[in-house]
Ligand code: ATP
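Taking the form predicted on its own, here's one chain by itself in structure tokens.
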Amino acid sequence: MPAKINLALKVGPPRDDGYHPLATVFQAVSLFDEIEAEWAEPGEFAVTVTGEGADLVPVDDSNLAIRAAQLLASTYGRPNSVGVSLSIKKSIPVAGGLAGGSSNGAAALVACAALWDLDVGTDELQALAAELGSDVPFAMLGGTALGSGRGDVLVPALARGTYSWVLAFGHRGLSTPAVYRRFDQLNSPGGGPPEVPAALMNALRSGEPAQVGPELVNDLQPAALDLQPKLRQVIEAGLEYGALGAIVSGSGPTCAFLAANETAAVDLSVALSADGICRAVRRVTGPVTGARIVG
């Protein structure tokens, strides 16, 4: 299951239910967590986690993959006749703005549906994904897509080309609720519904990275930079080293840099790594497909 970055994230004022209306462009990129599902005793739902940030991931019923498995079992009437033991191998940073937890939830839905041989289609799984969280439906869909509502109402985007990205991981995570609270403090209430900039959509239709780079936008970026000021230095360094565009991904703290091509991405990743201003650097490409069965 892939990580996601937001090429655009426009955020409206909070609604009465506390959620912020969003207009976003997601892109799934080639940084993957892996999940294995094995039969367990009926009614038993367990998870183990290894890899990147494993010690930060809960392994109780608050784990999104466990919640996904339990929701699938209860929805299709077999909560006491099925069980699962999930093993997650993480490469996506925890609390990194890359929807790692959401991708785990999406993958658990797909894996458990196959393991339990349930008669459930993609549309039904997408409906369950929307119950689990805003980014979970896109983690299932993958590719490049427009998101509205809480980000869970999706339409595939008219986008061409493959894009080379460099991801710079922060030294510590950022809480999504904390970033939204800071966003609310920094912005006046009111305003119309958020909209994805037309210039970005035109650039994506062109398939030209040089046109896409300048149009990247994230309304949460000022809040993320306020909470972790060192991220500003990371953004500035990436642009200085030749990135076509730079953005904090989602609620951060991962910074995503668009490169002209794979060679430029290699050069950029080497330069950022040598600077030592971020914890780790990864080169990825996008778009890629969403959660799927492999092997």
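Just count from 1 along the sequence shown to find any residue number. Worth saying up front: this structure is predicted, and the values here are computed from it rather than measured.
The following text describes the form predicted together with the ligand, which does not appear among the structures shown.
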{"query": "Every residue of K90, G97 and G100 near the ligand in the predicted complex, heavy atom within 4.5 Å", "finding": "yes"}
{"query": "Options 57-65, 224-232, 238-246, 37-45; stretch whose heavy atom lies within 4.5 Å of the ligand in the predicted complex", "finding": "57-65"}
{"query": "The ligand contact in the predicted complex: T176, any heavy atom under 4.5 Å", "finding": "yes"}
{"query": "In the predicted complex, Q27 touching the ligand (heavy atom, 4.5 Å)", "finding": "no"}
{"query": "Neighbours of the ligand in the predicted complex among 103-131 [non-hydrogen atom within 4.5 angstroms]", "finding": "N104"}
